[in-house]
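Have a look below at one chain only, the form predicted alone, in structure tokens format.
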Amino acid sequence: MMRAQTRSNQELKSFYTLNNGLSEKAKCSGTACFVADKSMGIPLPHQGSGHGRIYCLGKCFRAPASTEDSGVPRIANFSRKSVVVEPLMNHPYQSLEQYIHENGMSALKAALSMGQDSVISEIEKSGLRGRGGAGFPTGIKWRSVAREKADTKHVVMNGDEGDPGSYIDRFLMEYNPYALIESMIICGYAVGASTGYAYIRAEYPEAIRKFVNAAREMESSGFLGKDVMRSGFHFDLTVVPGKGSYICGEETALMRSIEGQRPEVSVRPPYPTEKGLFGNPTVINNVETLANIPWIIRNGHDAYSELGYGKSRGTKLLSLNSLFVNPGIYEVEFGTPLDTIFYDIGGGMKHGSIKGVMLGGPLSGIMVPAEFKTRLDYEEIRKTGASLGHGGIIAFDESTGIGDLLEHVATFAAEESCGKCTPCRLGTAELSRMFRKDSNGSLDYARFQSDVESLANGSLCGLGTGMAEFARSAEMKFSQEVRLCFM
């Protein structure tokens, strides 16, 4: 059975920014739009505090953007050996019939004939790591849920692509929801889960519509619901629209949101693989992770693991912001030097030169030109004090001051904090206040360092620790500019 979930009127509305849906006329306040405004010399209003801001519409390729803007990004492949995910976005799939005609559902058919353990083994041996940011091995997650003895298990697709600067998942969901649903069914079969939930952020209304329509087609054609492809396996799917909250991209907060609870971060352990959605073992994979599954099943783990570098196997989709000469989505093999991505693929900056780059969204470290020989690899990027994250790349030029950027990122973190842990709730707001140009308080460098340390050591999730990572990176790589803010 396929259904779209609606929310209760009794739900805590104060938590979400888009309780009444997406406004027809709203300007994006995301980081890609922020640095684009700076580069174009557009005066920025005081950010202040309070809900109502839209932090990313997934239109970073044409920033500064608004809900009224249309258009699609350039989408291309730059993998030397093989193409994995990019073909899913070659063109929007208009029907299930078209998807099947182009080899769609063949991976599900193969998986059902392989057996559950063999499917998980293929994913394990492929070396696929989660593309949502943490890079955790997907096969280990699947194996953990498969081993749990429980009557009910779930598969969750995390489509809450909230990092400003990322628009990869948006176009995967809009262009080819069929492949993602196929992957969810394969995962459900492999781990013994009979129910799936596709959580899609409210800022992507077209993705929600396409996903619901695709699921209905697949159900009426025997790929969803009872007796999938006459295999005896049952799999139901619920599409859950988000309501505007960055923190719902964190897996425990996302589960609480699906359950209709206040979406706060939960302490782990227990992990979702043991006690997840509704207290049952749950696999949570992000959109791009799922997009890799059909290719691996069709081509085998050897072909996939031959791609990549080090512990980072396969390819990665990257989204480049509007300040590049060639903004868009590119599939790049792991191991590719970052300067190749920024200058050869991206074409460098439209105006001026690159001052810095944020790879993992705003809540990650900054990389500077001296580090651009680093390879596209989770571990190598981590050594620079940055993170690959979801792969949203935001480059900025000299027109963006580090103090202004710190205020922007801290304000974003403060507004999107779930408020559960004190270091994040108070620390992000204090950092935002520190760097406001109209701040009446005295700027205390020691207090800044202390707050950053508290965020790093005491936060429950990546929002607080990511804010600390960004601040530390800014302080280390632009020390003089940061210190000038306190004089």
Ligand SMILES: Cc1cc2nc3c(=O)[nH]c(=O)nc-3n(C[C@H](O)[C@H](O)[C@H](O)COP(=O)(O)O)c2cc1C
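Just so it is clear, the model here is predicted, and its values are computed rather than measured. Numbering starts at 1 and follows the sequence shown.
The form predicted together with the ligand exists for this protein as well; it is not shown, and the discussion that follows is about that form.
Only one of the listed residues (E407, D377, E251, E331) places a non-hydrogen atom within 4.5 angstroms of the ligand in the model of the complex, and that residue is E251. C461 is the sole member of C461, V452, A36, I54 with a non-hydrogen atom lying within 4.5 angstroms of the ligand in the model of the complex. When the ligand is considered in the model of the complex, T282 lies well away from it, no heavy atom lying within 4.5 Å. Using a 4.5 Å cutoff between non-hydrogen atoms, G130 counts as a contact of the ligand in the model of the complex.
Among residues of the shown chain, P73 is not one whose heavy atoms approach the ligand to within 4.5 Å in the model of the complex.
The shortest heavy atom separation between R313 and the ligand in the model of the complex exceeds 4.5 Å.
Heavy atoms within 4.5 Å of the ligand in the model of the complex are found in one stretch of 239 to 247, 75 to 83, 190 to 198, 346 to 354, which is 239 to 247. Contact check at 4.5 Å (heavy atoms) against the ligand in the model of the complex: all three of K141, G162 and N286 pass.
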